[in-house]
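Below you will find one chain, with nothing else, as structure tokens; this is the form predicted alone, and questions on how it binds or moves follow later.
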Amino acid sequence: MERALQAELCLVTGAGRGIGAAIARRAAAAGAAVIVAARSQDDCVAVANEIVERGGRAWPAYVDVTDPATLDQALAELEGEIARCGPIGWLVNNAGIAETAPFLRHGRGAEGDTFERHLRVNFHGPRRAIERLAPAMLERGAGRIVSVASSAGLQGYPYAAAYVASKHALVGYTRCAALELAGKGVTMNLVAPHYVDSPMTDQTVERIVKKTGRSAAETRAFLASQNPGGELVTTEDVAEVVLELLTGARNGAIAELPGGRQDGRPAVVWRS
């Protein structure tokens, strides 16, 4: 395992699978202790156990980002571990949802208003986690916050108005907050991948297959072709760029991942 970092305690939301699990593994491999947080506890336990088996430090935690009380409870339950490892210095907001429908039908979903649901998870979830953890970072004069947005926070997509709106909200919030954090030792940045080879994209593939009759392979090839790089972004690519932001000094940056690699590293378009 890499041991390039001083000990840090890192909280990753949505860490039970996909991008979040890859970020948790990458942070742990670099020497950080990791709180593997999500609603899916079996997945969180599996990821945390894998990290421990590889010689790292990790603990699963039940966190529903739409319910701030669950974060408070998780931190209380891990009070001893946090005391031993030091305060949470890294926060990665990864938990998210993505649903598709014509924009005029988004407000009439079977589970309620789709716009409100996306904003609760994709925007208010990260915002509340930041509000919970950033004050202590500012008091110490040190901290790193990275939120996983999407290319949907930079452009529009048909049939994804609620998802796109929530990610635009996250991008705008982060840009503003980063300006206020400048020079205070705490940085706030975003990663904005295009289509990622992840469980969320698997769900997209299933929906397209059901609607169009295309094969899963054809659909995945189509989604890859929509990425500027012509390839699906990998979860490991996202994790690599997240770690770069956690260990670096950039503030207010947006790392857009178009797919593919350059010079052995993930292709990145840096935006501010």
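This is a predicted model, so every value here is computed, not measured. From 1 onward, residues are counted along the sequence shown.
Not pictured, yet referred to below: the form predicted in complex with a small molecule.
Peer 1: Select from the listed residues 85, 178, 74, 121 the one whose heavy atoms reach within 4.5 Å of the small molecule in the model of the complex.
Peer 2: Looking at 85, 178, 74, 121 one by one, just 121 meets the 4.5 Å heavy-atom criterion.
Peer 1: Looking at 91, 186, 95, 164, which has any heavy atom no more than 4.5 Å from the small molecule in the model of the complex?
Peer 2: In short, 95.
Peer 1: Would residue 16 show up as a contact with the small molecule in the model of the complex if we use heavy atoms at 4.5 Å?
Peer 2: The answer is yes: residue 16 has a heavy atom within 4.5 Å of the small molecule.
Peer 1: Taking 4.5 angstroms as the cut-off for heavy atoms, does residue 40 touch the small molecule in the model of the complex?
Peer 2: The answer is yes: residue 40 has a heavy atom within 4.5 Å of the small molecule.
Peer 1: So, residue 64 and the small molecule: in the model of the complex, are they within 4.5 Å at any heavy atom pair?
Peer 2: Close contact exists here: in the model of the complex, residue 64 approaches the small molecule to within 4.5 Å, heavy atoms only.
Peer 1: Does the small molecule come within 4.5 Å of any heavy atom of residue 199 in the model of the complex?
Peer 2: Looking in the model of the complex, residue contacts with the small molecule include residue 199, since a heavy atom lies within 4.5 Å.
Peer 1: Partner absent here, but in the model of the complex, which of 205-213, 239-247, 56-64, 27-35 has residues with a heavy atom within 4.5 Å of the small molecule?
Peer 2: Only one stretch passes the 4.5 Å heavy-atom test: 56-64.
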